[in-house]
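Given as structure tokens, the chain that follows is alone and in the form predicted on its own.
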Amino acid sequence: MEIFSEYLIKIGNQFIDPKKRVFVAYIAISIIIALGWFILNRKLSLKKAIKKIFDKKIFFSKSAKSDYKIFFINQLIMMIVSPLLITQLTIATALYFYFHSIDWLSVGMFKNTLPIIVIICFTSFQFTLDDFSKYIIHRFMHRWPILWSLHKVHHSATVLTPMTVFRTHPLEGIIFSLRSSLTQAVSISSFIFLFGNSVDLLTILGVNIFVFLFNIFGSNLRHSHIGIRYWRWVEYIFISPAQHQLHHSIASEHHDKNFGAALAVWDWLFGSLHHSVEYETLELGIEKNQKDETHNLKDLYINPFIEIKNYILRRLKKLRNKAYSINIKRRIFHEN
């Protein structure tokens, strides 16, 4: 009974905790932004705008229903797995003591820096490092076949809703959880080591101010059918909802584009930026005429393991054949 109560609390926290993406206030603000977009930009009436936002074909599709199911299942899985993972505190402590071994560093070497400067720098550094690490891991998810087998679960969504952010394989969830622990540990340990006890985070409702701004400016619209586009120059800096929707497109010209979470700067710097297009021109998913089976829970949870096993076996076979070929060549060489 205690586990069930903990599970319900974990689910509820996703909607009442400002640190979570689907916090009800963020969802409400996203709806307001979407209404403004349809009324002012698309010239729709309020009634049509509301109907467009709450499109039953989207929210009751097979793809969306899978999102909801995966959300509930993954919350349970992560509740069980999370205590077994290495924690942010463990990593931060290890790094803090490691810094002592570096000759050109000393504890509190910048402790006389004005607290407000430390706070601003720490808040900015933590947000930037976190966003950059998301970009790097996300890009690897598309490039490395083993990780793509996991990430494909997310891209199998053929429609996007705010709950699609939870449509991930549990192993991907673990990877991103470890990523978060590592990046936060790096920022916390390094700043406390260098600046001492003046380190603090600039927050709103307990959330990093930059993360808070990202969320209230419609982060949930990135996984939605609301194709809001930014001015072209802004899309070099921030990922628009339409840019992330393009990332989910099956079109070959959109593959491996727009990996950024909040900032588009990384895509711009590393050549993966693609400006937004009209949402209506996009077909989402992993392949054309995608089968309904790709929304089955069994396929979404089990198929990645099968694909990973097959990939490893293929690689081992290639290595074995290569080694055999090398041995044959050596034998022929020695016989001659």
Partner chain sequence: MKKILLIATALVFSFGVSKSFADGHGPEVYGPYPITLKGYDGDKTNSVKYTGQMARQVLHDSLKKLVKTGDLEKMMAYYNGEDGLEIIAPKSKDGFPVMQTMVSEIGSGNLSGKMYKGAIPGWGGLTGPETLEHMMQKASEVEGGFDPDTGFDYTQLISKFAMGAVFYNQAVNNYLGKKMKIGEKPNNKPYKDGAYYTGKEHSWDEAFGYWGAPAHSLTLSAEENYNVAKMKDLAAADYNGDGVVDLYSEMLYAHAYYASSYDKGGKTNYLATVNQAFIDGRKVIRDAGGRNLNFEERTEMLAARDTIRENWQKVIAESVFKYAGSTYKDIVALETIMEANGDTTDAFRKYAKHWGELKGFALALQCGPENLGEAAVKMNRMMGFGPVLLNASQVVGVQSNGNFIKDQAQDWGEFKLHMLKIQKLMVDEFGVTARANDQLSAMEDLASTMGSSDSAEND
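Everything numeric in this text was worked out from a predicted model, so none of it was measured. Positions refer to the first chain, counted from 1.
Although it is not shown, the form predicted in complex with its partner chain is what the next lines describe.
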Can you work out which of Ile228, Ala157, Ala92, Val211 has a heavy atom no more than 4.5 Å from its partner chain in the predicted bound form? Ala92
The single option of Ile204, Leu182, Ala261, Ile216 touching its partner chain in the predicted bound form, heavy atom within 4.5 Å: Ala261
Can you check whether His100 is within 4.5 Å of its partner chain in the predicted bound form, heavy atom basis? yes
I'd like to know whether Ile188 contacts its partner chain in the predicted bound form, with contact meaning heavy atoms within 4.5 angstroms. yes
Answer yes if any heavy atom of Phe166 is within 4.5 Å of a heavy atom of its partner chain in the predicted bound form; otherwise answer no. yes
Any of the heavy atoms of Phe176 lying within 4.5 Å of its partner chain in the predicted bound form? yes
Neighbours of its partner chain in the predicted bound form among 33-65 [non-hydrogen atom within 4.5 angstroms]: none
